[in-house]
Each structure stands twice: as structure tokens, then as C-alpha cells.
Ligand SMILES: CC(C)(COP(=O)(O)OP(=O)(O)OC[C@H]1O[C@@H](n2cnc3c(N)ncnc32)[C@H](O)[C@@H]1OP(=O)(O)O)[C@@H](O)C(=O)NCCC(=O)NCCS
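Listed next as C-alpha cells is one chain, alone, in the form predicted alone.
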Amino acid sequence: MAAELLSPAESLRADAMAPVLRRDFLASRLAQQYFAASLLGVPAAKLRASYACPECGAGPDIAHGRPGYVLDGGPAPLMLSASRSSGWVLFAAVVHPEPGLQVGVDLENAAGTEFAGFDDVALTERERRHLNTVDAGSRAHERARLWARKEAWLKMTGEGLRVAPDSLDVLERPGLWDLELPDSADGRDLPAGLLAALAVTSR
């Protein structure tokens, strides 16, 4: 089924991965395609992935960057963002978006930001001062919250990590929201330390 639904570019990218990473990648891409199809009210098989990367271009031969789909020979009317962490995937989408609307979402595990030097390269000076005012037991959570906000914003703009994270202050940036995740999903408990953020703006 995966071979039938995914684009050749996605399949090629998956084939280059180690087995565990390949499984997670394929599962997330298939979930994304079914998610997009359900919002558009079409069979998943009618969609073909067409990603957009500021450096590599856009189209069905691209399997990274901003996700999108081709439907009936033209761009599907869907603004989509996705993020993976700890075996889970989070999607945000707008059907028939207004011109200029941009969306970005990010899912992070606090454990992924707990290493020496992270704050110096990832946080602005003001964010580092803010983090020092937070109770020591809550700093890992707050650090990951800030990182999720940065990633969501940079996915929304399409800039990604071509922008130095320590130059982007997200403490009070309009258009950014922290998402409250449920304790469980699909009958399974979510990993501890999982945080998410959503960025939405209109040009």
C-alpha cells in the first residue's frame, strides 16, 4: 500500500534510511496523506506529494520541505504543516486557505533539548534570561516550549534553520500559540515531556 500511495521521491528517501527510521517515516507520510485526503474529501490515492524547499525547488520530485499535494493535475487547496517526535506525528492544516496564509506546527520532546551548549545556540539573550527565572525543575519543559515555538515559526515562514535560532525571539511573538496535548491518544499514553506549538500568519 505504501508503494502505491507515496511518491517515487518519498519512496526513494525512505529506502535510504535505517529500518527503524524508515518505518517511522513511512508511517508519518501515510498518516499525513490520509489526513489530507480526509480534509479534502477525496481518496488518499488521488493525492500525490509535492513538497516545496526554498533551496531545492518544488514539485513531485522533492520529498522534503513544506508538504503539499497535487490533486487532479493541480495544487491541492490545502495549507499543511507536520512534525514528528518520539514516534508521534502532529499535523496542522487549513483547507482552501486565503492567499498569503502560512501555517507551521512543531512537536518536541524536552529530552531532545537537554544537552550542554543548547541555550547558547538556540535561545536569544532575553530568552536565556527568562529561562534563568524559571524554577530549576521546570526549565527543561520551558526550554522545549521555546524550541517548539521557534521550529513552528520557522516552518511557517519556510526559512527553517537557515535562520540562526538565537536571533529569533519567541517569548511574546504574535501569531504563536502553545498547544495543549492530551494525556493520551489512540488509547496510548503520550511520552512525558512532549510539547507542541502552532504558528499562523497572513502576509
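Values in this document were obtained by computation on a predicted structure and should not be read as measured data. Just count from 1 along the sequence shown to find any residue number.
The protein also exists as the form predicted together with the ligand; that form is not presented, and the subsequent description refers to it.
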Contact check for Glu55, Arg84 and Glu159 against the ligand in the predicted bound form, heavy atom at 4.5 Å
yes
Is there a heavy atom of Pro165 lying 4.5 Å or less from a heavy atom of the ligand in the predicted bound form?
no
Is there a heavy atom of Tyr51 no more than 4.5 Å from a heavy atom of the ligand in the predicted bound form?
yes
Do Arg13 and the ligand share at least one heavy atom pair within 4.5 Å in the predicted bound form?
yes
Answer with yes or no whether Arg143 is in contact with the ligand in the predicted bound form, where contact means some heavy atom within 4.5 Å.
no
Just to confirm the contact call: exactly one of 131-139, 166-174, 61-69, 40-48 touches the ligand in the predicted bound form at a 4.5 Å heavy atom cutoff, so which is it?
61-69
